[in-house]
Structures are given as C-alpha cells and as structure tokens.
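Consider the single chain below, provided in structure tokens and representing the form predicted on its own.
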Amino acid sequence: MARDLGILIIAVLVLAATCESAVLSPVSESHRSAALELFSPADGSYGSLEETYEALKTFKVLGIEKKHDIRTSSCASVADTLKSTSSALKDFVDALRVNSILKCELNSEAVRGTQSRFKDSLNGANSLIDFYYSIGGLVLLKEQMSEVDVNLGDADRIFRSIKALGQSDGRWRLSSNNPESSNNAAGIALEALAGVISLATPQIGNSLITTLKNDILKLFDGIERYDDGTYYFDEKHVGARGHQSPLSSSASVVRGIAAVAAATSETLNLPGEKILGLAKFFLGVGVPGSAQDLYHQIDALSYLENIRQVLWKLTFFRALYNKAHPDLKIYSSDLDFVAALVRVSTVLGSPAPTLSVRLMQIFVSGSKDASVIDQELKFDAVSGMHVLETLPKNIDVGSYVFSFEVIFHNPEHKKTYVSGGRTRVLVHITGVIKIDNAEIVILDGDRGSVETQKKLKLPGDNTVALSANHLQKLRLSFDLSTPFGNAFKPHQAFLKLRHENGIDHIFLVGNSGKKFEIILDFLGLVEKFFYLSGRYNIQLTVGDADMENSFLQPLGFVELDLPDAPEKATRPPPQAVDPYSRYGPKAEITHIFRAPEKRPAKELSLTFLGLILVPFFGFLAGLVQLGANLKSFPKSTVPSTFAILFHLGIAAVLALYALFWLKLDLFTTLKALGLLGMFLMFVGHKTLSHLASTSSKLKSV
C-alpha cells in the first residue's frame, strides 16, 4: 500500500491566550455523534441502497459499532435487487456495495446473473456513467465471488474508449455528446480506469498507464487554492448528475486517485503540497450538517489514510501560569511553568509512530527575522503528548510565529507517513502591560509653559475638568511597557473628543519607544472643530489582542473657548437621526372628559317614582267605577285561549313602550309594534266575535 500519493501537512492548533481557539483537528467523537444522528434509519431501514451504503461505510471508517438493526431489511433489499431483471445498473452496484460490508447470504445464481448484465452493458456503453457502473460492478463481483469470471479480454479497447472522453486539462466529459468537462467526472473516470486495469487480461500496457499518470498531474494543475494553503477541486457547471459541491468533487477525485494507486504498481509522484492542502480542506469542513457531506468527508479521509498515513499535529497551550513572571499571563492557573502540548495523530485520529517534535525557529510576527531554537519537546507516554515545558527566554508579550518539525525515529516510516515538513504557527503571548507616567496637560500656546496639569490613573476612574482657549494646547502622554520592561506598541491608541452636540473628533496617539504622546494645538484645529465652543468629553482607547488590560477610558472634559465662525466657515454636519425615534412609542394621550352633571337627591328621586305610579292606581280605580269585571270572560277552551293571548299582547305592547323608553330605537320599536298589532287584531277579533255571539244568544232568550 506504500504509494507516493503525498499526505496532509501538519496543522498546528495554538491556543495562546486565556481561551481556547477552534481550528482544524482530526476526526473526533463529534464526527461519530454526528454520524449516529444523520444516519438514523426510519423503521429499521434507509431510503435507498445508496443511502444504506453511505451510512455503513461511514460507520465502518469511524469504528462505530452497529447501533441500528438494519441487516435484515438491508439484506432483503439487496437480494430483491439482484434477483430483479428490471433493476438499473446503479441499483446493482449499490446492492453489491452494501453486500461487501454486510456479507449477506445471497443466492449464488442471482449474483452470477448480474455478471452478464454488467458485461452486456459494458459492450454497449457510450457514456462515462455506463462504463463506471459496468466496470465497478464487475470489480465488486470479483471481490465477493472469486469463482465468477469477470476478466476483460478487450481491456485495452475499453481503456482507450474511456480515455477518449478525457480533456487536455485532466478533466473528463460524461459523454462524447457533452462538451462540458468536470472534476467530478475525472474522479469517476479514474475509478473506472483503475477497474479496467485490475480486470485486464492481459495487463494494460505501460504506455497507457504513463498517460494516465500525466492526466492526473494535469488535473492538479487546475486545482483551486485558498490563501491558507488549502486546496480543493471546484465545479463550474451543472452536468447530467447535477451540481457537485467542492466537497463531493474533491472526494470524487481522491477516490479516483486512490483507486489508480491501488490498481497499479507505478509511483504517481503527485505534488505533495497540493495533496496536503487537499486533506486540509476535508478537515477544514469540520462536522458537516448533512449525511451525504459527512460521507464524502470521511470516505475521502479514509482513502488518504489507507494509501499513506496522514499525520495531523494538534498543538495548543494549556492554561498554565508563570510564577517567575506573574504579569506575563499566558494563562491563569496555580502551576509554576508554561507548557505547550502537541498531540500527533493521523487524520482519523489513529496514533502516530515513534517520532520527535522539535521547535526549530521563532519569528516575530510580521518580520523575516528569526531566532534559531532547535528545542525538542518532551514526550509524555501517559498522555501521548509532546510537551514544551518552557518558552525561550527572549519571548515577551506579542505575536510570534513558531516553526515546528516532526522527525521520525525510524527512517522507514517516511515511506508510509508524511508530516508536511516544518509548520509555522501564529502564537499570541498575552500579558498585563504596565502603564506609567500618565498625565494630561494644558500648555500655553506661545511659551509652552504648563497652565494646568492632571495626573491620570490608567485604567481607572478619572474625572478631570479642564478649560482652554484657541491659543492653548492639550498634551496627553503615558508610557507602555511589557512585564520584562520592553516597549510595547498596541494595535489601537486613540484619543477622542466629543462635543456636547454629539460631534466626534478622533486622533491617533503616536509613540517613540515606550512613550506615547499627542499634542492638540487648538489654534490649528478650530476649523476641524467647526468653531464650536463648549464642553468636549475626552476618551482614551488603548487596545491590543496581546494586551490583557486593554481599556476604553473616559478621562473627563475640557471646556473650549473658540472664536466665532467666519461667514464662509464650514458648518458642522447634521447629526444622524435615531431611526428608532421615528417608529418608537409616542407620548401618551390623556383625555379630558366632561365633568358629571349634578344629580338630585335620592329622596327626591324616590318621591318622583311614587308620583309616577299614581296614574296606574288611578287607572285601576277607573276600571272599578266603570264596572269592569271578569264575569263575561270566555269559559270554553278555544275562546279563553284567544282572550288570554289578547291580554298578553296588550302587556307585550306596554313592555315594548317601556323598552323604547329605556333602550330601543324608533325603527326597531315600530317593526315590533307592527307585528304585535297584527297579532292583537287576529286574537282580538276572535275574542270579540265570541263575545258578540254570546250576547246575541242571551238577547234571543
């Protein structure tokens, strides 16, 4: 398996501050957890044999024990697919791939029946996909059933037919009718050609294999590159198989190269830095969010590791504390030394062989000057880490580039492992910066004498109150030094003056060695200040990634007395209106209601109610005087019913009048009154007719 494919560069993860940094790392438990979640079968099976194979292959590479009982349903699906005469070539190939992992108990005749199907398809193939599935199926049959004759007597012709679809840039077309070429198709073609080489009888000629090697080298000439040294194969068009992402295209190429390396005894001599950057690309993906992307990532890394071991070095600074220099807080803890821990493993997390890790050089960030260190890290057999117990004495607060190198103890390991040579890593050494001699001064413009001087505490509470006119100057100065007494220059050192109307003026604070100083000549700044007198709040900002005590500090204010603005002087810009004020809540609306009218006393209201009832009692008395009686009330059932309904109708009319007085409107009252009127006319007529007939009978008697 020792093929000169080239492998991934050692990547170094440096955590050189008070927190850990997330960078590239080998395959870890996070990938295993994601695999169990993304490849979760529904009702004991996956949606297709392709998905089943991707899940099984991912589990196998990651070393995940069988978590889902899918063998029964998957083997049944494999058997049904191989027996079917209507299954597509892709389905046959997917079934054989699943069977290569599950080792299902299949009918030998059903498996042999696919041989003729693959060979017939191969004889009539006219596209790259037809060649790919036909040859891939025969290769799988050869691996699973040695007694099946799958050798290709016309392998040379098939090889040339596939080769005819290749392009001068190393990419391939999917068919002769499709002018578009792609990297994904190149990976498919390489797998198909590798299958032809393994099935050829007699063997393919060396000239064709040499041509294939040249095609692979051309393919790498068009590889894409990021600034950090990551390489990947991108797709620029949508082909018959749809758009392929850089991850799937790169994985396809890796599978194809791995297949060619396994099928030939030739040395490929691929560009090492590009192979290393390609592997870095797969690890840089992190943990993909889709099942198919996770399969492409893990599958590609497994091919890289199987062909030649990929060393992936994970370096970080542990949270430790240096008692010798208590202000040099690379980390915070109660330990008395500073250590860098380096773990070396393959991309899939397998242990590395016996080797040494050496710190070779340290560069000052942004400079080509370097100090030669050549310090070997101590190997801890218990934790499996290489430990840099102490930092070189000349290391101070700041940014550095550490150059590491891996050295194999056994020279033979260089043939099966690649570490990528030296690796440069950006390291930030942080610490508490000393701030001394901080003061703010108002100077006389002519003589330069000190008018007002205030000492400052940085960082700290400062509330200085200064006053100046346009003929004076303001000077702010302070010293910055590292815990070792060296000058320190932060990334940011700004002085900001804000007028009371909200206009800001920002000035850069310059330095000379340790001393930082800025002098504001107000006479030369009157136009910049738009001749605006009044209070200016003073704020100082000093910050750096390596400075643990960075601060943004209000210092107080200065009351400026500037001359009046000339007629043609520049006016201050209008201040931006807060957009939230336009859509924010408005002022609460308070309503003023009419004062309630004065009401009569309760006793007077009750007296009035009693007077209202007087006419009712008068009505009853009038009925008695008129001789009203109930002697003539009908006794029979039907007449008495009409009489009762008549009196109820009269009561309903009176109630309607009351409701009109209290609640109802005139229109509603008239409609109800009309209905009641018709009802009273009917029942009243019946009642009066009965009384009239009764009266006639009495008179006749």
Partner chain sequence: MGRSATTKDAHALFHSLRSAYAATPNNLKIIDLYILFAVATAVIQVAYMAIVGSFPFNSFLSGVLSCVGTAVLAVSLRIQVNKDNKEFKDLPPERAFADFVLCNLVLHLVIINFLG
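Positions refer to the first chain, counted from 1. Since the model is a prediction, treat every value here as computed from it, not as a measurement. We call the rigid core the largest set of C-alpha positions that still match within 1.5 Å between the two forms.
What comes next is about the form predicted together with the partner chain, which is not displayed.
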item: Candidate site Y132, V139 and I209: all three near the partner chain in the predicted bound form by heavy atom within 4.5 Å; value: no
item: Partner-facing stretch of 443 to 451, 529 to 537, 172 to 180, 606 to 614, counted where any non-hydrogen atom is within 4.5 angstroms of the partner chain in the predicted bound form; value: 606 to 614
item: Contact flag, I407 vs the partner chain in the predicted bound form, heavy atom cut 4.5 Å; value: no
item: Any non-hydrogen atom of E567 within 4.5 angstroms of the partner chain in the predicted bound form; value: no
item: The partner chain contact at E597 in the predicted bound form, heavy atom, 4.5 Å; value: yes
item: Interface membership of G622, the partner chain in the predicted bound form, 4.5 Å heavy atom rule; value: yes
item: Stretch 660 to 697: residues contacting the partner chain in the predicted bound form, 4.5 Å heavy atom cut-off; value: F660, W661, L666, T669, L670, L673, L680, M681, L688, L691, A692, S695
item: Shift of K60 between the shown form and the other one at or above 2 Å (CA, core fit); value: no
item: C-alpha of P600 off by 2 Å or more between the shown form and the other one on rigid core; value: yes
item: Per-residue C-alpha change between the shown form and the other one, G286, threshold 2 Å, rigid core fit; value: no
